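Consider the single chain below, provided in structure tokens and representing the form predicted on its own.
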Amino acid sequence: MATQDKPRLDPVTARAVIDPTSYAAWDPLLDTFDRLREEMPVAWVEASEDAVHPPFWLLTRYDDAMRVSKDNATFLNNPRTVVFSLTEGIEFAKQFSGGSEHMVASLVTFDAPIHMKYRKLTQEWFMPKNLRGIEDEIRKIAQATVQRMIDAGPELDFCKLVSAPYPLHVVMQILGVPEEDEPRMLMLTQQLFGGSDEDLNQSGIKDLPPDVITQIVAGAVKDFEAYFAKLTAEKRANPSGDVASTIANAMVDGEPLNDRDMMGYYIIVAAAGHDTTSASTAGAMLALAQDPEQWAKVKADRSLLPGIVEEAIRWTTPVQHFMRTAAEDTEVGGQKIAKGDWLMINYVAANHDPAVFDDPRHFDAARSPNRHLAFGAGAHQCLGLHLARLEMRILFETLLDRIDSVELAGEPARSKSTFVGGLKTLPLRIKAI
């Protein structure tokens, strides 16, 4: 298809949909997606002078996002990067990894048949029947977390005290990382996913140039790899029945995992395993703090809690996009897509599509059905979705038992990130029971 025939975004909109600050501002970005869904639901995005990147198709409709997410034969996770990056970052990743556009090789960068072979290594760990065995331990972690929150009150930052450390502690227990190493894991995750945000990347400097952000992310990856190389040796010498022991001693096609794939496996479990749940947890608390009536309702009727958890995941959409590459000439939403074209599945846009979700910006705990795409769909659907729901349910059961009322004590702030987003601060005022 000739370039001039493509429905191309204007430069201002093209910049906005990839700008981390747009995702921090949130509502203006949702306005943009609303407009694009009507005018240009499958749009061609080209580089600008201040943001040089390969061109790609932006998908903003739910149906298109669902179709591409589920069709893993036509839309591939490899060899092009699955996370949007500027050209400079892609070239750096190639040098860093020895040729791959992926700085980290993990489940999200694999296609069939290797993807399912790797996924099966730990899949059983995260199924409901196995999670029931650790539910009591998760509840203890939740109780200790809420007690720390009460001790720090009545005013506190929910992100710092609760939504960040709680899922981190849970997933590190499952993985087999000692508790004293959790602050390091949190810092590295924030640098990996929040490299553009001055608070999360630890720099304190706004608007860092892209090459510096890339160096911060690469440094986090190296630090993760150094840590997990040491942990691998320990788990091979003394396997202890945790996920780290499973990964360290895993075999695929009769061979142990190579170092790059093994390190990537650890990183995806360690980082994605808590940061996304942290974002959804903070989103749920923000919605409840803004609506005291809803807090009172769920306090009186706990059967509403699963709905609050599910709606928080949709409303927040922690994983804001993934990229795919067309394996063949095809069509999406009536638009011709050429083999090799890059596509952005924008889950924020899809989860705010009014054709599927009535009044999508409204937090509706009774929303049913709620077939959101925050966990993805198809073969790459989130491995830890059952754990995320369980963690959130247990935490909010504990909060509702111990907290009488909650309200905002300041203005919340979202992270500046195109990939994994959500709140980075949530000032609250609580009244304990």
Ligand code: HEM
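Quick note: we count residues from 1 along the sequence shown, nothing fancier. What you see is a predicted model; the values in this text were computed from it and never measured.
Not on display, but discussed next: the form predicted together with the named molecule.
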* Given the pose of the named molecule in the predicted bound form, superimposed here by the C-alphas around the site, does the shown chain leave the site open or is it blocked by 3 or more ligand atoms within 2.4 Å of backbone or C-beta atoms? -> open
* To do: Would you mind picking the one in Trp295, Phe357, Phe224, Phe322 that has a heavy atom within 4.5 Å of the named molecule in the predicted bound form?
  => Phe322
* Sort through Thr32, Ser48, Gln381, Ser405 and report the residue having a heavy atom within 4.5 Å of the named molecule in the predicted bound form. => Gln381
* Wondering, does Ala388 line up within 4.5 Å of the named molecule in the predicted bound form on heavy atoms? -> yes
* So in the predicted bound form, does Ala350 come within 4.5 Å of the named molecule, heavy atom to heavy atom? -> no
* Asked: Heavy atom to heavy atom, is Phe126 within 4.5 Å of the named molecule in the predicted bound form?
  -> yes
* Asked: Does the named molecule get within 4.5 angstroms of any non-hydrogen atom of Leu192 in the predicted bound form?
  -> no
* Asked: Does every residue of Ile268, Thr276 and Ala377 put a non-hydrogen atom within 4.5 angstroms of the named molecule in the predicted bound form?
  -> yes
* To do: Among 55 to 63, 34 to 42, 393 to 401, 368 to 376, mark the stretch whose residues have heavy atoms within 4.5 Å of the named molecule in the predicted bound form.
  => 368 to 376
* In sequence order, which positions of 96 to 129 have a non-hydrogen atom within 4.5 Å of the named molecule in the predicted bound form? -> Leu107, Val108, His115, Arg119, Phe126
